[in-house]
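The form predicted on its own is given below as one chain in structure tokens.
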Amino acid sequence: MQVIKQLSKMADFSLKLRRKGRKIGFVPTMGYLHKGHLSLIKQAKSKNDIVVVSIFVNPTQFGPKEDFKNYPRDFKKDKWLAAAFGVDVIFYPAVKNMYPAGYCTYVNVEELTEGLCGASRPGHFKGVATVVAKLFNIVQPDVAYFGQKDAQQAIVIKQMVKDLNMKVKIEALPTVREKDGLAMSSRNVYLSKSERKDALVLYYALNNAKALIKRGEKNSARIITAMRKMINAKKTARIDYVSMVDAGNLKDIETIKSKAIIVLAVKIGNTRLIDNMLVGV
């Protein structure tokens, strides 16, 4: 396994592979790899000739009061896991090279980024879309893999790829969960033991909503009310949003008629967690 830090070297490496007809699978990450990332790597490994994993904590997607400096990092462990799971290349660029002095170009996907995490984290998706566009231009993958846990992100990236005519296929794979149901996240490490227990309320609320729908409830307001009641029962929980949205355009829906996504963001203590569940009638 190679570790490539230089942007030009990564681009040249990919160009040579593409000229040979080799298929490149790409998993963009911010490091601190967990089983969710590893599930993406396994899928990429099974479907492509070469697997590239980027490890880059992207400063432009963090707000001024967010945790960029304290975001968990462990490159030594990441490198070991990547090698163990058959990754061919880790792309590990420096911030100063991704955003050199004078950098002033950004990608903004409109409408899809106005609600949900976009409303509570202004500028977040501009940073996400920009760094992913840059990574795609450098790595030149055939397929890129994302997790369904970040549902809004995956939909935004798909729209960007479509609108900008990028020749990369986007695959969003199911959320990987701990045995008790908590969605895998690098931020889970921030939770205290009691907060970790309280965090399960996100998964319980989603499952309760799914059960209500299965019993015939189609009114999103009543479903959301039931979810909020469950979550608010935990003293450590502060709801950012709980919404029922169309699975295609992320618009709020009043009545479930076809495929929808229940999405939520909740702070447990000081740790902001997101989760979602695909539902339908």
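Just so you know, these numbers come straight off a predicted model, no measurement behind them. Start at 1 and count along the sequence shown; that's the residue number.
Below, we refer to the form predicted together with a small molecule, which is not included among the displayed structures.
Not displayed here, the small molecule is approached by Met30 to within 4.5 Å at the level of heavy atoms in the predicted complex. Proximity of Asp78 to the small molecule in the predicted complex falls outside the 4.5 Å heavy atom cutoff. In the predicted complex, the small molecule lies within 4.5 Å of some heavy atom of Gln153. The closest non-hydrogen atom of Val128 lies within 4.5 Å of the small molecule in the predicted complex. Listed stretches are 197-205, 130-138, 90-98, 109-117; the contact stretch with the small molecule in the predicted complex is 130-138, by a heavy atom cutoff of 4.5 Å.
For the marked spot (Asn58, Gln61 and Phe146), a heavy atom within 4.5 Å of the small molecule in the predicted complex is present in each of the three residues.
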